[in-house]
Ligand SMILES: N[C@@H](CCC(=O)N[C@@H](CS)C(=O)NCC(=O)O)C(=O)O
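The chain that follows stands alone, in the form predicted alone, written as structure tokens.
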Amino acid sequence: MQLFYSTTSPFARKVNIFLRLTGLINTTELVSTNFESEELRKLNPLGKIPALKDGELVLPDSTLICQYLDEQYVALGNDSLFHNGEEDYYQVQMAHTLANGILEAAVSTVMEKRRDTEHSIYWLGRWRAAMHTAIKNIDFEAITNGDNPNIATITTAAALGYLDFRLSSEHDWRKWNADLAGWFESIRFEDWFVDTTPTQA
């Protein structure tokens, strides 16, 4: 398999964490790319990062990629990180969806602020409110901890890491959820988190 990724993409980081937690990183080639790459656009016409290539199969979305990887992980005799078939499946997926929403709002905010033209106060406010509300409503039972991570754990960690990386000066999420700050402190030294930390601005 090949994962086309960027160290600064939080969605690619989500997949990278998943690969490390499942051990599938050992059979995956990491290919550094960017949004302008012609090779990436051949795999994903939208030019979005990450993209996974496994033989003739190409998957362009982080959640879809993780679902595919999860199927392989389960086929090797492991429990699903999506909690497929378990009683808390929808609870975990709700927490996963919430974290994805934080990621999407944060990335949209960063892209909006990079525009040379006037920024949209309306959309920046919408995204800020979405991030604040989502962070205040994190389900700690669903995101578990570093000892028993699942897809919600992974995505929440990637989302908070991205806020620290790109928006720390204006989004001090630790003030909105002190319990979440404690949770993050407990997982940020895990190898899978440290090894996927962005290395460039």
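Residues carry their position along the shown sequence, with the first being 1. Quantities reported herein were computed from a predicted structural model and do not represent experimental measurements.
From this point on, the text means the form predicted together with this ligand, which you will not see here.
Note on contacts: among 130, 124, 94, 107, the single residue with a heavy atom within 4.5 Å of this ligand in the predicted complex is 107. Contact with this ligand in the predicted complex, defined as a heavy atom within 4.5 Å, holds for exactly one of 9, 16, 177, 22, namely 9.
In the predicted complex, this ligand sits within 4.5 Å of a heavy atom belonging to residue 61. Residue contact with this ligand in the predicted complex: residue 47 places a heavy atom within 4.5 Å of it. Checking 22 to 30, 61 to 69, 169 to 177, 133 to 141 against this ligand in the predicted complex, the stretch whose residues place heavy atoms within 4.5 Å of it is 61 to 69.
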